[in-house]
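Next comes just one chain, in structure tokens: the form predicted alone.
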Amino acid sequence: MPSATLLGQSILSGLFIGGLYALMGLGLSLAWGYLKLINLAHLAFAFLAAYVTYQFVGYAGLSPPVALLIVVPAFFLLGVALQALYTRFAVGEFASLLVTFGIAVIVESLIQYFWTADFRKLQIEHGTASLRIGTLFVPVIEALMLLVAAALSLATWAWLRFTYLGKAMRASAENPEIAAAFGIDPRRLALLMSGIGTAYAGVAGVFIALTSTLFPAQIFAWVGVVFAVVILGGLGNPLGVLAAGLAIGVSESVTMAVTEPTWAPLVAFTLLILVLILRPGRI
């Protein structure tokens, strides 16, 4: 059995990686739950944002906050443009799986073309800074990533629950014909939601660049765990996605500490299978 210090550090690490899982799953959950689009390209956009951040910070010399202020609006507009195309060509739920998979492959190819398939790591000042709390170490950037994931999840939940636009979005997702009869424009709301979801991919990408080693094949390596987070958390449920991301992150990290690292990838799928067996109507 691991020591108490190792177990505590593993739980902390799991919370931090769970925050990243939540950031990556949040936009996908919103698109699937409210727009009925299974957006595989969401993960590709997150890694595209990571490479763009790498370019801005590593070569252009911009600070990470400035890069974030550039990446997020740009990806919001990208999401709006793509949603306009999906609407124009009436891309349905099943077709979106195929279409967005093709977009993901194109994005991966573009990343390899511009940045090659080499491993890349962004080095920034104070990038490895950490705080010591007793016997535990808290990496500053990872802790900030967790706080951002929690803040975005909570803000999105509050927006959907309490604001006029959020209520209109929920009504439109439930019954677009009735919502339109009451003056709600589902197309405009879809553009907004798609832009927000893709902007969240941009936020996740910035933190991926700051915390991870980049290589293009990562895009599809994350598909399984992010889909597990989205389904476990519930489609269109920001707080559920956050909770699922943290649960899977901690479970994986503790599994690696107690047993072997090779067992960690089984955690997300074991939890997913159990949920689907016990609650078959989850999706």
Partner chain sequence: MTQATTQRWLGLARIAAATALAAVVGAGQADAQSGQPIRIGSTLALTGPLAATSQVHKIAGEIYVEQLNKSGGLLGRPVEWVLKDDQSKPDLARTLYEQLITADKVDLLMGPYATGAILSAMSVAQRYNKVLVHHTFGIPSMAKYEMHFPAWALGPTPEATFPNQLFDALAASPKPPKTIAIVTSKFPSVHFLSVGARDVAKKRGLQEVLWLEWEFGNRDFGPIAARVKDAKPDALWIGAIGLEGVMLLEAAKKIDYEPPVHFHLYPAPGPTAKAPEAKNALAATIFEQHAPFTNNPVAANFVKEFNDRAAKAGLPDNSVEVQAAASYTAWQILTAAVNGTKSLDDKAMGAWLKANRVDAIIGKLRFDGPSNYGDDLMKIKQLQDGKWNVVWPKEYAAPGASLKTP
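Residue numbers count along the first chain shown, from 1. Given the structure is predicted, the values throughout are model-derived calculations rather than measurements.
Here the subject shifts to the form predicted together with the partner chain, a form of this protein not shown in this document.
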The partner chain contact in the predicted bound form: Y113, any heavy atom under 4.5 Å:
yes
Indicate whether the partner chain has at least one heavy atom within 4.5 Å of a heavy atom of E174 in the predicted bound form.
no
Looking at the partner-bound form in the predicted bound form, is L69 within 4.5 Å of the partner chain by any heavy atom?
no
Heavy atom to heavy atom, is L6 within 4.5 Å of the partner chain in the predicted bound form?
yes
Heavy atom within 4.5 Å of the partner chain in the predicted bound form - residue from R188, R88, K121, R161:
K121
Can you say which of 193-201, 177-185, 70-78, 139-147 gets within 4.5 Å of the partner chain in the predicted bound form, counting heavy atoms only?
139-147
Going by heavy atoms, what in 256-272 lies within 4.5 angstroms of the partner chain in the predicted bound form?
M256, A257, V258, T259, E260, P261, T262, P265
